[in-house]
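So this first bit is one chain, no partners, the form predicted on its own, shown in structure tokens.
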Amino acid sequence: MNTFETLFGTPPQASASAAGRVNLLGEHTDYQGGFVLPTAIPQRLTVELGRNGTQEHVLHSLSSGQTLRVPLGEKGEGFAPYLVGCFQLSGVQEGLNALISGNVPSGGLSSSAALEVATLRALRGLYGLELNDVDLALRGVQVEHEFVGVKCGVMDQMASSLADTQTMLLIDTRSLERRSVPFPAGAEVLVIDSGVPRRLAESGYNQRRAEVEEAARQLGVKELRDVTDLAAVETLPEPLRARARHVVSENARVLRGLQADAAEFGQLMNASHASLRDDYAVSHPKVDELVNLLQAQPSVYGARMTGAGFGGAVVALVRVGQAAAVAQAVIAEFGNDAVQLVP
């Protein structure tokens, strides 16, 4: 197996890791000041760094086997902008070697945020940067906006930087206030990757953001977070009406979920998926099929797509102790493209 030293000839000078995340409720609300309920997953990405004394960055991914060389001042292609953006925004003015390893899948579980957070943590160690965990998350968001071209909200990086696997993390994405929330009693989380790849910058993600920003403008509010009466969005033309209806109803589902037992929380997840599929139009037929199979299982309280959509993973709330059996049954019916991830 390749290691940093076998690839680059010297040991790494800094190393850090970060977790992926799965979001149970609160999808596509974080760029409208809304509420979200993610949790960290056990899968992590690790970034090792070392100075190379040249005027280029040499970046290697163990999962793909790909090595990219990026001259200083350029952002590169492929996975390079995620790292190079972190380098440039952190003031790096020398060539670095980087090795990426880990097991966070690329569909809907914030592998990009985990890569950014791990890189920034490693840079913090290498250069003694004064970045707290919230600063680090916000810099990751800046990388997405300025180097990757995805106008994401703050949830993914905040979750990767601050969440744990034992609780959900309620984040008010406007104030960045946050607190840990226990999972509903008697339930556990199951995540399954649909096997459908996606590329956010090439999908409708930025279009959705533009649509809800226009909806907020037409309603005369700073963000749709400020709309609590669903009737208010009915004055909008389509598709703005449907997009705004999702955001407003999704915020209400998150807040309701804080007091819900497992059965009601599952119903909220089911409603969230329907809203994402029908009003926000960010699901995918294969993802819908996988969600339907999960929702039909007697031990499943609820299931939905998770992440930005257009493919990727689904999450289910399952009766405690039943996740493995549910996953086996559903994957057998769905086909071999699906992969169980959690627990």
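Heads up: residue numbers just count along the shown sequence, starting at 1. Remember, predicted model here, so these are calculated numbers, not experimental data.
The next section is about a form of this same protein that is not shown, the form predicted together with a small molecule.
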Check your understanding: For the spot marked by Asp156, Tyr205 and Gly307, is every residue within 4.5 Å of the small molecule in the model of the complex through some heavy atom?
Key -> yes
**Study point:** Heavy atom within 4.5 Å of the small molecule in the model of the complex - the one residue of Ala80, Cys152, Val227, Val254 that qualifies
**Key:** Cys152
**Study point:** Segment that reaches the small molecule in the model of the complex - one of 285-293, 312-320, 30-38, 59-67, heavy atoms within 4.5 Å
**Key:** 30-38
